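A lone chain, given as structure tokens: the form predicted alone.
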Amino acid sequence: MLRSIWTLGFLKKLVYLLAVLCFVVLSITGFGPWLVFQKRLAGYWAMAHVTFAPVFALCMAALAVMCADNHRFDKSDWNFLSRIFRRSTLDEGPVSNGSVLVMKVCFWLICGLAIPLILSIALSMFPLFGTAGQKFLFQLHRYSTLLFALAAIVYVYLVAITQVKKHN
């Protein structure tokens, strides 16, 4: 039993690190050509982007399943919010840490934004939509990527800070 728990923890960390690696590569290949050269994604940049994208999608699905229980909202999160908005009683039980609440919100934002991020580009590969539909799907992919990246950066930062505080 202990060995299977260790293996599951190791697997979760491995998938998490692979997702972060894919996120970095996809960010560089997706934003790099436009930010550095003011050009569209093409050539080797596009091949690297398309190679890492399915691995990233699989990692996101696995992480959503493996980490959802740890990121569920509970009463301590509500107590924290009610204290912020001054609608709390004096004795309301344990209160969560604000960074933990933000981490949970970022996790669920990442999970929610992964759906239009992946579906928009996957649907644009099929001739189901006209030119206007394909342009819309591309813009949806672009803006959901931007929001996804912001939420992911905040989430990874909070995870790193939480781990540093835990070990000190």
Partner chain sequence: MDFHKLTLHLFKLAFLGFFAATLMCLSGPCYANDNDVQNADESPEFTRIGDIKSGNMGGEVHIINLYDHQDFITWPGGEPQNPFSLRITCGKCHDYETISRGWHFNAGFESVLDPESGQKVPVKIDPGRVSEPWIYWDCQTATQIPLSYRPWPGTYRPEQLGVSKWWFTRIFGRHLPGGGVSVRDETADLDPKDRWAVSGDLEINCLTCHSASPSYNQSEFANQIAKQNFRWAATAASGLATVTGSVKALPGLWLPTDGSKDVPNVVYHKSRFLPEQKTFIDIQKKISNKRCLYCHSTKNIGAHTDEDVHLSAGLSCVDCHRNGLDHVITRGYEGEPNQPGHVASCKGCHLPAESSPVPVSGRLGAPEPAHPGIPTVHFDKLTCTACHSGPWPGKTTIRAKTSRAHALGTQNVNISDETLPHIFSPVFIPDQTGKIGPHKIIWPSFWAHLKGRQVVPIAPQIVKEAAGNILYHKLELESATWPKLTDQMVTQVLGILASENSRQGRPVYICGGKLYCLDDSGKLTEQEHPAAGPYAWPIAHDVRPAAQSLGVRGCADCHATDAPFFFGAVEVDSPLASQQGRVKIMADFEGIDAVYTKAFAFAFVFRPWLKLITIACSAVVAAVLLLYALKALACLTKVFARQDNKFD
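Nothing here was measured: the structure is a model prediction, and the numbers come from that model. Numbering follows the first chain given and starts at 1.
There is also a form predicted in complex with its partner chain; it is not shown, and the following applies to it.
Proximity of L26 to its partner chain in the predicted complex falls outside the 4.5 Å heavy atom cutoff. Within this chain, A61 lines the site of its partner chain in the predicted complex, having a heavy atom no more than 4.5 Å away.
In the predicted complex, its partner chain lies farther than 4.5 Å from every heavy atom of R83. Contact check for R142: a non-hydrogen atom falls within 4.5 Å of its partner chain in the predicted complex. Taking its partner chain as it sits in the predicted complex, the stretch 13-42 comes within 4.5 angstroms of it through a non-hydrogen atom at F31, W34, L35, R40, A42.
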